Structures are given as structure tokens and as C-alpha cells.
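What follows is one chain in C-alpha cells, specifically the form predicted alone.
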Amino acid sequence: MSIEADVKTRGKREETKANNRQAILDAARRVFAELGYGATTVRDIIRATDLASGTFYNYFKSKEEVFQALQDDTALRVRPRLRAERIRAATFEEFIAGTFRTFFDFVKNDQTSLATMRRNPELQRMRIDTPEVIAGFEELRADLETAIRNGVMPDTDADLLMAAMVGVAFEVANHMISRSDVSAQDAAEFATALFLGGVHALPKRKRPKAT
């Protein structure tokens, strides 16, 4: 086999692997939304694809791993939007409002994930510590530090502020999901008002004394 043919073959193999993995994730989204996470089995997910059962286990060991992969996939889709909003922010209000508005809009418009969460309230309390989700938290912390350095927001502890924003975002999103009377705009306005009204009361960051 020539080098060119070998490269083409390997490229086709990698494309097939990527397509198979995506087919499993797409099927899992649908099945979780239709049956509920707790009732779904690996067999249900496999039946929703055109793949053999053995193929599934080449990519995932369990439905739990599939769910974690879906969380990473969701994070990869929303993170660029969040970063774009924060980078263009010229004021603290724009930074906070843009972050919350983008996040809540994404959650509200991701109908399959929304259906899954509504059908499975226990998932709303599941600890999310997948690599891409954590990377998203770190991006937020880095953007906060940049905004503080640039004078866009008060000089406070970026780690604690990141934790507070993440906590408010996820908790408000959980209530938004379970309540039909709360829109993404309502959720964004509430969270933004909370931070704008309280951030100036935060203690200044403690810096080491110069020697």
C-alpha cells in the first residue's frame, strides 16, 4: 500500500470512528429525553442507532459515560458564545448580563437537553465535573481576572466570584427549567440584578504585602 493510500485509509477510519461516536451521542440525547435517564439502558441507546452492540462498547462503558460525554459536548458548544460575550464587554454590567443572558438562552433553546432535565429532576443536582465543563469554569475565572486588571469590574477575588456566578447560573437555570413562567430573559435579569446590586459590597482582595 502506498503512503498516500495508507493516509487516506487512516483518515477514513478516523472519520468513521467520529461518526459512530456522534451517532451514539445523538441517540442518547433522544432516548434520555423520551424515556428518562433512570429508565434508559445501554440497549435502548444502541437500538436508537444503526450500530452493533459491540460498537457501542468501543466508545463507552456505560450510560453514565455517555451522559458525561454529553455534558462535555454541551460545554464545547456554549463556551465560545460565553467567551465572545465576555471579551466584548466594556463594563461590569455588560460582562455579567452578557454571560447570564447567553447561558440561559442556550439552556432554554437546547430543547433535547431541556426535555431530559425536565423528565429527570435528579440530574439537575448531579455534580458536573467533566473536563470540558471544568475548562469552562477556568475560562470564566481567567476572563474575570482580565476584566479586573482592565478596570472593568471591582478588584475582588476572581476565584470566589467565579464560584458565585457558576452557582447562581446553575441554580437559577434549574428553576427556569422546572417553571414554565420563568423565561431566559427573566432568569438573566434576575441574576444580573443580583450581582449588580451586591458586587460593590464584596471585600477587596487581600494582596500580599510588598517586601
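Keep in mind that this is a model prediction, so the values were computed, not measured. Heads up: residue numbers just count along the shown sequence, starting at 1. We call the rigid core the largest set of C-alpha positions that still match within 1.5 Å between the two forms.
Below, we refer to the form predicted together with the DNA, which is not included among the displayed structures.
*Asks:* Work out which of Ile148, Val42, Ala69, Val166 lies within 4.5 Å of the DNA in the predicted bound form, going by heavy atoms.
*Replies:* Of Ile148, Val42, Ala69, Val166, the residue with a heavy atom within 4.5 Å of the DNA in the predicted bound form is Val42.
*Asks:* Tell me, out of Asp50, Glu65, Glu171, Asp155, which residue has a non-hydrogen atom within 4.5 angstroms of the DNA in the predicted bound form.
*Replies:* Answer to the contact question: Asp50.
*Asks:* Work out which of the listed stretches, 155 to 163, 140 to 148, 51 to 59, 171 to 179, brings a heavy atom within 4.5 angstroms of the DNA in the predicted bound form.
*Replies:* Going by heavy atoms within 4.5 Å, the stretch is 51 to 59.
*Asks:* Though only this chain appears here, would Thr192 touch the DNA in the predicted bound form if you measure heavy atom gaps against 4.5 Å?
*Replies:* No - in the predicted bound form, heavy atoms of Thr192 and the DNA never come within 4.5 Å of each other.
*Asks:* So, Gly11 and the DNA: in the predicted bound form, are they within 4.5 Å at any heavy atom pair?
*Replies:* Contact check for Gly11: yes, within 4.5 Å of the DNA in the predicted bound form.
*Asks:* Rigid core fitted, then: does Gly38 show a CA shift of 2 angstroms or greater between this form and the one not shown?
*Replies:* Result for Gly38: yes, a 2 Å-plus shift.
*Asks:* Rigid core aligned, does the Cα position of Glu64 differ by 2 Å or more between this form and the one not shown?
*Replies:* Where the cores coincide, Glu64 still shows a C-alpha shift between this form and the one not shown that is 2 Å or more.
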